[in-house]
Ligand code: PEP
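Just the one chain here, the form predicted on its own, laid out as structure tokens.
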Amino acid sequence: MIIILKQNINPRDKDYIQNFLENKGFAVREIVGDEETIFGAVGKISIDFREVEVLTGVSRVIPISKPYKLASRELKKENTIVHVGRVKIGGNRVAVIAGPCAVESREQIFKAAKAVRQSGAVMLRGGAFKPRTSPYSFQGMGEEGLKILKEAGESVGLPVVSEIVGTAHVDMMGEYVDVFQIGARNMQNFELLKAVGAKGMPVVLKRGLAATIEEWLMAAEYLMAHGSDNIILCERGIRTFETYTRNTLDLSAIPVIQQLSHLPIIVDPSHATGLRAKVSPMALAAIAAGADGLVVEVHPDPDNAMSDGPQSLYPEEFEKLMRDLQALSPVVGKEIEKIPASRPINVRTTDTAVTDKEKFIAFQGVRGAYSEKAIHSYFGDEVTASPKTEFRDVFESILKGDSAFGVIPIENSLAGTINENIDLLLSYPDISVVGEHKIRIVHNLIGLPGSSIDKISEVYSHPQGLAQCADFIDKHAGMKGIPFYDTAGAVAHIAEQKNAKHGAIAGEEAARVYGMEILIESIETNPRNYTKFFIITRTDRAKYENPNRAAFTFSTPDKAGALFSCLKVLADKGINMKKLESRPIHGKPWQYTFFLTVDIPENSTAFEEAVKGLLKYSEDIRVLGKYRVEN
């Protein structure tokens, strides 16, 4: 059952409730959410819920209807994010685990580790104990293989995962691996589940060969009931009558699991298809279906692999898959998980000491805004998004030291450039661009809980939000768009008004923050709606590591061919221009400055030489920032 505690409950009352439940024979888990704290109580005994409801500090008691209790979405509404060292699985990231099916030799696993790390994997897999159908097949290197796997992972900074096949190996394997894997054949090996669960380490739990989703979740319940909260479910295909693939990959399990459980779910397209050519298409399909990550078999020499060579990707094939995933992830509102820097804050383009204040990242808007989503997508969940009223306030907050960084929108794929922020960059010479990030903008019709679309007569949103959803509004004759200063602010407004006739157009995060309900998803006229953000900080702390893009401005004299001469300098140096925009120079009527973003060639001196070359044909050159773009 779920016991929802009253806000500001007395700690003594809270302890009494927990002791009461434990004395009755329940195992109690405390779950602290954004808006409420609950106790999840599970056990073999039954109890009259009224005995709990009358306790001081209890708000209400809700029974859990599912046979799996701890794994149920009823117990925990928020998605569980599993932490494996610096890697996070779940949330809005796509985590990729890669490596060979089996550890065959030191040379093989070290080559594989280096290859998958360079391509972007965040965890190294490799089997040391191999449960094989034939007793004559390669059975793995055992503990020696685990030692080599751990060394290979440490050499490239990747945590490692390996399959456990027997209870006798639990303590020994715990010394070498960061994550246990329970294979399909052992999904219902309940003694193994109990022993691994008691270890309390993260576990990848693969779906059984012919297991139902409920049986799969009940196996997760065994692990959780015995001590492990960090369970990663892995869909790897089920056995059907089809013979053209090794198994039948059940991608429909992804949304089903996400509805039933709070646990993250990843997909293994290698074991599902059994064929190298099918791995990448099904990997992309899995991410499109909403999977939190992938397990992909990669071998430096698949043709001579001792296990599952036909389904293992060559390193270059894995590299291409990672590039494709990088392009696909923003479309579904996610980002590829990366190994963070060694510092607490994942600032990809800087190398500065981190203090408590540097956890604050400024943005314009209110909680739930798309800019806040961009902050957590870029920096991770550990930072604190600090809302500001105006864009200028973001710049001022950085200069005053109240925020370490700022995230400002610079361009929307439909609405165009946010000129105000370009002008602010020109006005603040002590602020530099140190990063660039893109997210997909998905607009939703949001209303009060229990409301419906036929009740909505007024829809509030930013003018751009209204314009981008004009077709939807036009189709509903009784619906009128009302301009508001901010999309998320519009949701906060209808939450305050508590009028069932009022709706808002904004992102799903705004609905969650203000306790509102999404009535209709994705109502934008054009789904190819993206916003590009700049990451900014003080110029004196901006440092660059292998930059591949730059933003700068220059003006030209008022004579024929001046701009052409400048652009020719860039072309002659092989510099690709990504954006060119003209802006009026304040105080100089009818004179303009040009804002550019360009790719920096691998030969980094080419950009510096181009800047020098521009001095001959232009005026007032200013480099606004050099940074690295990953997507």
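Residue numbers run from 1 along the displayed sequence. The model shown is predicted, which means the values in this text are computed figures rather than measured ones.
The protein also exists as the form predicted in complex with the ligand; that form is not presented, and the subsequent description refers to it.
J.: With the partner left out here, check for me: in the predicted complex, does some heavy atom of D292 sit within 4.5 Å of the ligand?
T.: No.
J.: If we define contact as a non-hydrogen atom of the residue within 4.5 angstroms of the partner, is K206 a contact of the ligand in the predicted complex?
T.: K206: yes, in contact with the ligand in the predicted complex.
J.: Even though the partner isn't displayed, in the predicted complex is R125 close enough to the ligand, meaning a heavy atom within 4.5 Å?
T.: Yes - in the predicted complex, heavy atoms of R125 and the ligand come within 4.5 Å of each other.
J.: Taking the shortest heavy atom distance, is R106 within 4.5 Å of the ligand in the predicted complex?
T.: Outside the cut-off, so no.
J.: Work out which of K388, H437, R236, H462 lies within 4.5 Å of the ligand in the predicted complex, going by heavy atoms.
T.: Of K388, H437, R236, H462, the residue with a heavy atom within 4.5 Å of the ligand in the predicted complex is R236.
J.: Just one of H262, K150, H169, K130 has a heavy atom within 4.5 Å of the ligand in the predicted complex. Which one?
T.: After the contact test, the surviving option is K130.
J.: Residues in which of 110-118, 510-518, 419-427, 183-191 have heavy atoms within 4.5 Å of the ligand in the predicted complex?
T.: Residues of 183-191 come within 4.5 Å of the partner.
J.: With the partner left out here, which residues of 286-323 have a non-hydrogen atom within 4.5 Å of the ligand in the predicted complex?
T.: The stretch touches the partner through E297 alone.
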